[in-house]
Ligand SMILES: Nc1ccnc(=O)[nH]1
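Have a look below at one chain only, the form predicted on its own, in structure tokens format.
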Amino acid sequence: MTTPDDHTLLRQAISLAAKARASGNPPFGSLLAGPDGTILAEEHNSTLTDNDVTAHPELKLARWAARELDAQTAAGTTMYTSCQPCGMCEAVIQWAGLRRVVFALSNEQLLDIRPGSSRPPVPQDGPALLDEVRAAVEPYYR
């Protein structure tokens, strides 16, 4: 459930999306707020100007939070974003330990606006060579 305070911060994320579009990038913007609503950082999409397919604002903010915030502070944050995070960004948000995401446009709604934009999945084969990979990975977690 969103609140009027959420809507205020979400409007700022939408404004960042407009900034991205004005700079020649896809129209996505996000900000990260602390528990009291203070804006800690903000980003907009820069995939085209940076020539980097991963330059989503949600991913950039989650990476920033993982570098700059301690775990307790990160766990009190809320990300406000113009569009629901994609799978890549969602995973990084989770790894960064952020508490909550509030978005304006769902991924399903985005596909309605931008039909034909989904890409086919990349074929994957595996698992394979379990004993070999286990010998490399398992000691790290013990």
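One rule holds for the numbers: they count along the sequence shown, beginning at 1. All of these numbers come straight from a predicted model, not from anything done at the bench.
FYI, the form predicted in complex with this ligand isn't displayed, but the following is about it.
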{"property": "4.5 Å heavy atom contact, Met79 to this ligand in the model of the complex", "result": "no"}
{"property": "Proximity of Cys86 to this ligand in the model of the complex, heavy atoms at 4.5 Å", "result": "yes"}
{"property": "Partner contact for Glu58 in the model of the complex: this ligand, 4.5 angstroms, heavy atom", "result": "yes"}
{"property": "is_contact(Arg114, this ligand) in the model of the complex, heavy atom dist at most 4.5 Å", "result": "yes"}
{"property": "This ligand in the model of the complex: contacting segment from 93-101, 69-77, 35-43, 49-57, heavy atom within 4.5 Å", "result": "49-57"}
